[in-house]
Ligand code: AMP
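Let's start with one chain on its own, the form predicted on its own, as structure tokens.
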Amino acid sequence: MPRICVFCGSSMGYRDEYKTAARELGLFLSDNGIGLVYGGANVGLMKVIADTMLSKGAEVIGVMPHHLVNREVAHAKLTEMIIVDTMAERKEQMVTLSDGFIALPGGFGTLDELSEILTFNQLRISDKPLGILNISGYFDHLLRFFDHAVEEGYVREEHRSNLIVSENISDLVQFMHQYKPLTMGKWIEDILDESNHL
């Protein structure tokens, strides 16, 4: 069974659209035979998508460090809960278990996970697609920052373009199926060249 790792908030957020999107994504994944990997929490949007998929009999795997389990935020009814020692191990497990990644609205933790997969794909540590479900324009400011980073020469256009973004779940997953990893050769040559011409 293919699995998608979903990064999302441990809070609900202030808009009903965010909860609705988490539910709809959970239903879409379940209906299409796709399992869920996520942070294992029983709070926020994380709880919404996990509960939705569990109610449909889908596979839901949580990955959580000991210190969060001990604070009683762990979901007790998952298909499987993997307990790790650190946040870094949590992300490593998520990458290993998943065939792709989708970011829903969230805070610093979601941004951290999203950034790590962007970097992994850039460096070919991972060749798995990353999609952003941009509900109600939640990620618009971040995407503008990425565009600014391209304009200022710190992100390459092809890496920016390889990030999959949509407001529509079906379109997002379809684009993720079409994902093509980028080769590293050209951009490594370019940054070496610019550094040799100081």
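One rule holds for the numbers: they count along the sequence shown, beginning at 1. All values reported here derive from a predicted model rather than from experimental measurement.
Form predicted together with adenosine monophosphate (AMP): not shown, discussed below.
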Please tell me whether any heavy atom belonging to residue 13 falls inside 4.5 Å of a heavy atom of adenosine monophosphate (AMP), as the geometry stands in the model of the complex.
no
Would residue 110 show up as a contact with adenosine monophosphate (AMP) in the model of the complex if we use heavy atoms at 4.5 Å?
yes
Answer for residue 68 alone: is it within 4.5 Å of adenosine monophosphate (AMP) in the model of the complex, judged on heavy atom distances?
yes
Decide whether residue 41 counts as a contact residue for adenosine monophosphate (AMP) in the model of the complex under a heavy atom distance cut-off of 4.5 Å.
yes
Verify the flagged residues 8, 64 and 73 against adenosine monophosphate (AMP) in the model of the complex: is each one within 4.5 Å by a non-hydrogen atom?
yes
From 29, 60, 133, 46: within 4.5 Å of adenosine monophosphate (AMP) in the model of the complex by heavy atoms is 46
